[in-house]
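What follows is one chain in structure tokens, specifically the form predicted alone.
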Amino acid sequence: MEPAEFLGEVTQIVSRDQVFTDEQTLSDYTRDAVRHERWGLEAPRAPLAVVRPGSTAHVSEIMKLATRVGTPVVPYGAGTGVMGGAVSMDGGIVLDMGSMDKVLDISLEDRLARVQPGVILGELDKLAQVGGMFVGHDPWSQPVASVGGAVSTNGVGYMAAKYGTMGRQVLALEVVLPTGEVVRTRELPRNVSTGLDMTSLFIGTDGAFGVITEATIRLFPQPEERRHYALEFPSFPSGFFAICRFATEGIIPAMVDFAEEEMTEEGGQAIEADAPGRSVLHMSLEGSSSMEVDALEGTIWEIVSNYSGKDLGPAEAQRFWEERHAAGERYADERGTGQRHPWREDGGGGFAYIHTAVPISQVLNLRYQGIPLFQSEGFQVKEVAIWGEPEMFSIIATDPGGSDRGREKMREVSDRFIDLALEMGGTVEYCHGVGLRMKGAYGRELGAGGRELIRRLKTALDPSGILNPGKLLD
């Protein structure tokens, strides 16, 4: 079927003003929040059109048509992804779910919200707070990220230490399969169901198995008491051991954001593998009463003291809490300026921001061996961090030279770092999904048997291979 004929049929499903083919719109939707050249991949291709469905029925009919004629479809949330999961690589159409943005139900009794995929996390959280509840998924992009995108990438937020990933908060999904069939799972905790957990098929799989058209997510009651802390440790290992000790003592903070950063200009150096660096833990505790948090706090101070930590004071702790969404707020403000993804631009230099996870026993080994990988090529490590749980380790490196060769070499070193994490029994990414950037490494993580299983599932659900092609696996 010719493209014009295909789009003509699409306009019979949705109104003509919800189908966009102008050059600027198509250019905007070729990418998500980072540039393709940083991955060393071919340039994205502009889609035939951007289509904004208004209902599950629209999505179902579009998928039936696309499957029948073999036209690729890329589901698109709010465009805040950083792994290329929503990048258009094979022409076809981009299915922008932003118009499906209704909060369908909030049940305080059942502690859940039923929403369409285009609902913005921050807006849902504001509504939940009116009823004394809140959304447990709290990423830096909360002011602009959509529920559907967060589910599709199984995102991690500031409160993951206590409330887990986005996927752990999903109770049920309504999904349109590539063939147009609509599947709905039960709105019950997973531990009360038997057989295959179908909901999990669509969490963290980048929309490659189905298009999410509705999500039911867990809401949590606002705690009676929430306190924030900013704690400085003399080294990354000392702070890391303190975090591990919290877990040993049965203390589950609501927020754990621990980072070793490059020295200030006075110090004049980047992070070294075997040298102490300024390491700060921003942490929150929650409880049903002041007495409960007092008890937790007492144990916290004892542990912090044992590992030579010091309190930076309530002002610093509160500042971090209040500014944690600042980058997302800037992005939300700038989206209408024609600079769709301004906050991820870096002036063209080599840049790596890797979020991997390894067993707790291997975290310090990964830090110790990983930092020299970047330094050996002349790169500077700006930050290493733990976010949420002790296993979740991230690293930021930059190229002071900013050359094309630097970008290419940075990708090579980043892949070596990821392989090092895999050798230690880890995983390639804990935060942003697989997309284009991590699909090769994800395949290595799965092994031959795992790759074949994923391919069989994909073939069974998407026999024509038209839904988000080229993502998740090679």
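Bear in mind that the values here come from a model prediction, so they are computed numbers and not experimental data. For every residue, the number given is its place in the sequence shown, counted from 1.
If you look for the form predicted in complex with a small molecule, you will not find it shown, but the lines that follow are about it.
Contact annotation: A327 falls within 4.5 Å of the small molecule in the model of the complex, judged by heavy atom distances. Taking the partner from elsewhere, W140 is found to have a heavy atom lying within 4.5 Å of the small molecule in the model of the complex. Mapping the unseen interface onto this chain, M410 falls outside it, with no heavy atom inside 4.5 Å of the small molecule in the model of the complex. Within this chain, M97 lines the site of the small molecule in the model of the complex, having a heavy atom no more than 4.5 Å away.
Checking G92, G388, G370, P75 for any heavy atom within 4.5 Å of the small molecule in the model of the complex turns up a single hit: P75.
Shown without its partner, this chain lists P178, P253, G309, G79 as candidates; in the model of the complex, only G79 has a non-hydrogen atom within 4.5 angstroms of the small molecule. Only one segment in the set 371-379, 388-396, 146-154, 282-290 has residues whose heavy atoms sit within 4.5 Å of the small molecule in the model of the complex; it is 146-154.
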